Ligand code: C5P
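Only one chain is given next, in structure tokens, and it is the form predicted alone.
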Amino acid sequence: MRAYTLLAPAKINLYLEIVGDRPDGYHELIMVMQSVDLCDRLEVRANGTNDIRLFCDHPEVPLDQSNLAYRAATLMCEQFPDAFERYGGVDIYLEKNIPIGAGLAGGSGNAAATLVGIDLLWKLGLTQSEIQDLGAQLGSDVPFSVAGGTALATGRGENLATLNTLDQLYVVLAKYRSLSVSTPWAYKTYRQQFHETYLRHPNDLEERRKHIHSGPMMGAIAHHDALQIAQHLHNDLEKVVLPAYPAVKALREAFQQTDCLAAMMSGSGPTVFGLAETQEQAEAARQQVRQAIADPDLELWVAKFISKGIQVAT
């Protein structure tokens, strides 16, 4: 049977600003997203049946339509019925390395890898842009997960502009194994508390996007200036998540006592990351956080920024 093995990197947010409401019910966002080399591993294999079957080594991962990888395979079957009829169903084997419910786009990356794997398996010859368009039907982070690297994302996250790659920086990622934060809750709570700050006129939204494009974070990324990037890390969702989750707040504060350049919560949390210029600095920070918080439920990883999204494993 034919098969492809793919790597699906995690992503962090270096910048997340909520600027307004959208007619579709989502938020209008401005984000800078970055891939890191903490990866899930997927094998997509023809199974000689008409079924989609998902297998995973992690007991908490659902294996049905609630899983984005499963939904991605279903979408491919619906969009390309002739190829499905010719090549048949697929088995998806998922090795889960990215923590679950971490705000690191693990599920989105799995969906992106499934789309890429089935494209290869069925010899569809889709372009990256076409795969991203399919991914946008599954979730806001899926298009970025396909391409990866460093990108400015607007809209609900699906409009992407590639930025200078930052593949010389490192992060320490930290998450309590048993703690998760609901993304819908985080955005709903933010709307309830800060709706009066939203921009409402289309011209105001466009002006804000232009300001970000020419702003200090974009300049810092263009010049690979790690110190300036650290100074301009921003995440609006910290305003609602940190007060509601004292453990996440304390974890962020523990990072601020290390030699990291800066620390921030990624996405809707609960993962917190510390930004470092070298692997040695990152490893030292990991040890410092571990010493400060001895809770065995706390997991920590050192990861490197990378310039790519879904990759075929060699």
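Since we're looking at a predicted model, the values are computed, not measured. Start at 1 with the first residue shown and count on from there.
The following text describes the form predicted in complex with this ligand, which does not appear among the structures shown.
Residues placing heavy atoms within 4.5 Å of this ligand in the predicted bound form fall in a single listed stretch, namely 180-188, out of 180-188, 95-103, 228-236, 215-223. Only one of R286, R45, H27, R252 lies close to this ligand in the predicted bound form, with a heavy atom inside 4.5 Å, and it is H27. For R208, no non-hydrogen atom is located within 4.5 Å of this ligand in the predicted bound form, even though that partner is not displayed. In the predicted bound form, this ligand sits within 4.5 Å of a heavy atom of G139.
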